[in-house]
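Starting off, we have a lone chain in the form predicted alone, written out as structure tokens.
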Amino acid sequence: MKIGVFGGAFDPIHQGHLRLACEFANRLSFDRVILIPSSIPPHKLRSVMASAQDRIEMCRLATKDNPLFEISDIEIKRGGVSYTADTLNQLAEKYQNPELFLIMGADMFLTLGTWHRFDDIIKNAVFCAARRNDCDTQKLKDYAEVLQKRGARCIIEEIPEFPVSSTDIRRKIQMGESLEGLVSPLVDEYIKTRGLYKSTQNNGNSDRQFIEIIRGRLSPRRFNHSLAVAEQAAHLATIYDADPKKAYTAGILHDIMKDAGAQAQLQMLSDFDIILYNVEMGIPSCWHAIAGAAFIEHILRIDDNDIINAVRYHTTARAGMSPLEATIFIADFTSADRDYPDVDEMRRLAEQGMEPAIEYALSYTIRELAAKSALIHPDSVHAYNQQISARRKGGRYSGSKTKR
């Protein structure tokens, strides 16, 4: 049995979704197409989102008269973040090893190399993609060649684009504009009856969604550590004149790539054209921070450079750190779950101020690495030298705003 698998937020489902699925079904002779609304989409984070039940019902209404489609709630029932690798495994078991074809638009296809458990995904499905927006077909074919070298099977089709997105539809609803021709009449009526997408108020769900994302990507120990760092960062931010809200968010996300493994970390950097220095190639312990910064910028679409840099430098530190960067660096050393020999002294200094805590942390790190004859990242050396120079001159750490 040949099955097309089309997952996403479907918030709401629109004619572009349906046309893409039908085109692939016709060209590749699918027996059915399974639409799978995600529980918490890892690449699309917003503060306002229709409930899982609403999105499932809209999918049912949109395909009510088309026997090609089947609606699945397996990701909704599973809960948490929706990862494609888990979904494909469930489908393979349910349908007794069918031929699975994963349908997606250009934007998602071009991030495939960064997806969680990519190697598992390519064992279970063929990737099907078509151009979208400014992305031409040749760009998709070029990326398909990259993925095929990693063992993926890809089908790129030239399918006329239907110029609409779920974002456009939500904006039209907020502006009171018509959805005629963009969504099924039954979906249009359902949206109106339920009053969906009317509110644009931020209800503060972002951090809760970030927590669910790291829950699915990290071991229980690392997950608990991230929450502890977030709590400590929010506390220290009030001492160091950093933004406690940003500190909490950066704390949640600082280790997001920690448990991904070296291959996935390097692949993330490659996908976004980030080149490691020679010395960095010899320090695998710093890769997760660099890859994590790329992940939150390019995948989670965080556009706050201070948060991105706080994740990027939380392991090595650097000269001229911002208060937020320093906060995350110190919080990672002093979170409640830490139990190394000098942690009590480190926590005492952290409460005194940013500068003594940074100096002690860098001294501790450099001593530990030197004792192991390990490479020391130049950023750590530069940060240490700047701190010592400032203290000798009776000055303050560059970039710090420690309360006195």
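Predicted model, so just to flag it, every value in this text is computed and none were measured. Residue positions are given as counts along the sequence shown, with the first one as 1.
Although not depicted, the form predicted in complex with a small molecule is the subject of the following passage.
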Review point. Going by a heavy atom distance of 4.5 Å, is Asp73 a contact of the small molecule in the predicted bound form?
Key: no
Check your understanding: Taking the shortest heavy atom distance, is Lys141 within 4.5 Å of the small molecule in the predicted bound form?
Key -> no
Review point. Using 4.5 Å between non-hydrogen atoms, is Gly105 touching the small molecule in the predicted bound form?
Key: yes
Exercise for review: Answer yes if any heavy atom of Thr114 is within 4.5 Å of a heavy atom of the small molecule in the predicted bound form; otherwise answer no.
Suggested key: no
Point to revise | Stretch in contact in the predicted bound form with the small molecule, which is absent here, among 321 to 329, 158 to 166, 144 to 152, 285 to 293 (heavy atoms within 4.5 Å) | key: 158 to 166
Check your understanding: Taking Tyr240, Pro244 and Lys246 as the candidate spot, are all three within 4.5 angstroms of the small molecule in the predicted bound form by heavy atoms?
Key -> no
Practice item. State the residue from His298, His225, Arg217, Arg170 whose non-hydrogen atoms include one within 4.5 Å of the small molecule in the predicted bound form. Key: Arg170
